[in-house]
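We begin with a single chain expressed as structure tokens, specifically the form predicted alone.
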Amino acid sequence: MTKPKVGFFGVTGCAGDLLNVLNCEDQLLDLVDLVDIREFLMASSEGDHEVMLDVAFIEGCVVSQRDEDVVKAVRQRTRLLVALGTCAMWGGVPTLDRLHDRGALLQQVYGDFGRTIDTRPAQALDEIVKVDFGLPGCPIEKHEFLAAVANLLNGNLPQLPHYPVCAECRFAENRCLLGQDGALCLGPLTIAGCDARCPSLGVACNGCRGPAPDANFESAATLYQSMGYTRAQVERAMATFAPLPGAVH
């Protein structure tokens, strides 16, 4: 039986998601037995840049014309495209510039040289091309990645949790940092899948996995404001990893 041809790619990002794939050390040999990895620059400088792929995983967000060209080229040569990580799914931390004057930021950081740089407001992959599935996380969870590969090998699109991190806190019988401690915890808004790692360690959820499917931002903002947080504080927290609904460039 022919093994599916797979490629791993990165545009603008920290490469943490691709690194976490390599961190699946105990399962890597099983993985290469099951799939034919044709391109993965972090793992090997050699790659087949022309072959048609069955599945392509792309990490990072699009912040330049070069990024867009890479994403479009990969989309043309793959049957299924998976957005790997929060930046690929939502735009990630780079979308914070939507809350500010982008031109002023470029001038402040780069001076007049900023006008010559190939850069633009950050976009998620699905703002550029069709994405078949997204795997959230900053970085992704290894167990979710392996489960996603298993589902894809069986011909199924993986299923993500449809509930927020708060549910995982309940499963773990954690103290509620929001309700009991008054922390600005984004657990009610953030898609589960991390086993509530941060709240389990007494650290408020910062929303790094992106919004849960039914996240109600306005209702949450009202709740946080009733606890003494300003609207600006709430918006900054909510927009750290994914743009607020209605946010523009």
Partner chain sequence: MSTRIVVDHLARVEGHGGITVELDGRQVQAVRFDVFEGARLIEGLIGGRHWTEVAQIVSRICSICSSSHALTSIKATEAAFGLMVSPQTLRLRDLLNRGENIESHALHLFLLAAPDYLEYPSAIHLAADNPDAVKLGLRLKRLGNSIQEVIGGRCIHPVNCVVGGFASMPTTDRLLQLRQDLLQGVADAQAAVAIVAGLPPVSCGRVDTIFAALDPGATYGYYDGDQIVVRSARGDTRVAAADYRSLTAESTVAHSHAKHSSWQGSPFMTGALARVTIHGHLLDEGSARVRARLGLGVPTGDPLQNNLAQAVELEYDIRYTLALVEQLLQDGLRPEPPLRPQVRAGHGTGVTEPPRGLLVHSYTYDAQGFIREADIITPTAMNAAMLERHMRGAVAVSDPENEPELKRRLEMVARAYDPCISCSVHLVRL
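Everything numeric in this text was worked out from a predicted model, so none of it was measured. Positions refer to the first chain, counted from 1.
Heads up, the form predicted together with its partner chain isn't pictured, but that's what we're talking about next.
Its partner chain in the model of the complex: contacted by all of A124, L223 and S226, heavy atom 4.5 Å: Answer is no for this spot.
Per-stretch contact check against its partner chain in the model of the complex, the hit in 149 to 157, 166 to 174, 73 to 81, 115 to 123 (non-hydrogen atom, 4.5 angstroms): Only one stretch passes the 4.5 Å heavy-atom test: 115 to 123.
Candidate from C185, L189, A192, C208 lying within 4.5 Å of its partner chain in the model of the complex - any heavy atom: Exactly one residue meets the criterion: C208.
Partner proximity in the model of the complex: A43 to its partner chain, non-hydrogen atom cutoff 4.5 Å: Heavy-atom contact with its partner chain at 4.5 Å: present for A43.
Contact of C198 with its partner chain in the model of the complex (heavy atom, 4.5 Å): Residue-level check for C198: yes, a contact with its partner chain.
R236, heavy atom within 4.5 angstroms of its partner chain in the model of the complex: R236: contacts its partner chain in the model of the complex.
Distance check, E50 to its partner chain in the model of the complex, heavy atom within 4.5 Å: No, E50 sits far enough from its partner chain in the model of the complex that none of its heavy atoms falls within 4.5 Å.
Residues within 4.5 Å of its partner chain in the model of the complex, restricted to 21 to 39 and counted by heavy atom: Those in contact are L22, N23, E25, D26, L28, L29, V32.
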